[in-house]
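Given as C-alpha cells, the chain that follows is alone and in the form predicted alone.
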C-alpha cells in the first residue's frame, strides 16, 4: 500500500539532477499532448474525413495543424525527453553529478525557445511544415525559438561529454560503464549532426525572416536541413536503444548477452549516422548522382548496427524468457513479463522498428525511392521508427522513471498496458494504410479530404486503404487518452511510495562484459571515433556544399496558408 514517506525536497536531496530531468521530461510530454491533439485530424484526412473545419477559426488550415503536429511531436517532445532521461541515466550509471547550473541553463533555454517558436505556430504565422523548407517563410520568432531549442541540445552535448571526461579522469584504465558509453556516443553524434541546422538557422533563416537578406537558396537550405534531418532520426532512436541494451534485459528478467556488441553498434551509429542526407534529395537537381550514390551506400552502412541490435536484444530477451521458465523453441516469448506496461511498451516499439527499418532501406535505395518519394508511404514509414518505436519506448521508460524520481506509484497500470497495445495496433493499421496508399501514388502533405477529385483516379483506387486509416484514427485517439491519463495521474498523485517500493534503476548486467577485452579499450576512445566521423562528413558533404555556397540562387519568401 502506498503511503507518504518523503517530502519533495528529500526526494531530490541526494540526486538533484532528478528535478531538472523531470522538468525536461514533463515539458516534452506537454508538447506531445498538444501535438497529439492534431493527430486524429491528420489521419482522418487520409481516410477522406475532413475534421479541420471544426477547428476554425482557432486554427486556420490543415497545414497549420500539420506543422504543429510535426514540430511539437517529432522535434520538441523527443529532444526534451532525451535531454531529461539520458542526463539522469548517465549521472546514476557513472556516479558523476552533472554541472547543475549548466543543466538548468539548458532547461531554461529550451523553455524560452519553445515559447518563442510556439507563439507564431499557434497564430498561423509559421505554417512552414516540419521541414520548414524555403521559400516558405515563417515569422522570425519561430526560427529564433527553433535555434534556441537546438542550442539547448548542444548544451546537453557538453554536459554529457564533460561528465564522461570527468569519469575517465577519476577511473583511469577502466572501461566506461555501458549506459554512459552509449549516452555519450549519442550526444557526440548529435553534436556533429546538429551543425547543418545551426548553419541554416543562424546564417540564413533568421536573417532572412528579419529582412536582413533578400532570399535563401532553396537547394542549399534543403541540403543543410538534411545534414541534420536524417541523423536526427538516430538521435530519436538511440536513446531507445540505450534502454533496450542497458535496461530492458533486466526488466525482462535476464541479462544483456554482450556488452561489447552494444558498444560496437553505437560506434557504428556515431561514425555513419550523419553523412547520409542526400538520400532524401534523390529528386533534387544540383547534386551529382555520384554523391547521392555515396550517401546511399553510407545509409546502408547504418543498417548494420541496427541488425546487430536486433540480434543482441532478441538473444537477451530469449535468455530472459528462458530464465522465467519458457520452454521449447518459442516458449520463451510467452514467458516474458507481458503484464508489465514498461516492458511491453519497449517490446512493441522494437517490433515496430523491424518494419520501419525495412521501409527505410526502400527509402534509401536510389531506384526504389522514386516510386514512393513524396507519397503517403513516407509519413507511413516515419511513424514506425519515431511515433511507435521511440515514442512507445519513451512511455515505457517514463512508466518506471517517473515513479522512481517522484516516489509516486504508477497510476492505473492496466490502463497503461491497454494504451500501449492500442497505440501499437493503431500505428500498425495506419502504417499499412499509408504505405499502400503511397504505392498508389497518393501525395503526402496534402489536404485530400477537401479535394473535389478525392473520388477519382489514385484516390478511388486507395479507398479500401483509407478504411485502415479511419480505424487507426479511432484506436490512436483512445490510446492517447489512456496514456496521457496514466502519465498525468501519476504526476499529480498525492500518494508516495515507501522507500522499499520505489522502483530501482534497472541497469542490466552483461554475460559477456567489457573487462579484459582489448577491443573495448579501442572502442572507448570516443574522441577518436568522433574525429573519424567528422572526416567522413567533410569528405562526402564539402564538394557539394562548397559549390552550392558559391553558386547560390536566393529565392524570396512566400506564404501559402
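Residue numbers count along the first chain shown, from 1. Keep in mind that this is a model prediction, so the values were computed, not measured.
Form predicted together with a small molecule: not shown, discussed below.
The small molecule is not shown here, but in the predicted complex it comes within 4.5 Å of a heavy atom of residue 382. Of the heavy atoms in residue 42, some are within 4.5 Å of the small molecule in the predicted complex.
Shown alone here, residue 514 lies farther than 4.5 Å from the small molecule in the predicted complex, counting heavy atoms only. Interface residue remark: residue 450 is not counted as part of the site for the small molecule in the predicted complex, having no heavy atom within 4.5 Å. Site residues 27, 405 and 410 are none of them in contact with the small molecule in the predicted complex, judged by any heavy atom within 4.5 Å. From the list 246-254, 179-187, 73-81, 292-300, the contact stretch for the small molecule in the predicted complex under a 4.5 Å heavy atom rule is 73-81.
Proximity to the small molecule in the predicted complex, taken as a non-hydrogen atom within 4.5 angstroms, holds for one residue of 130, 459, 421, 167, which is 130. 476 is the sole member of 317, 163, 148, 476 with a non-hydrogen atom within 4.5 Å of the small molecule in the predicted complex.
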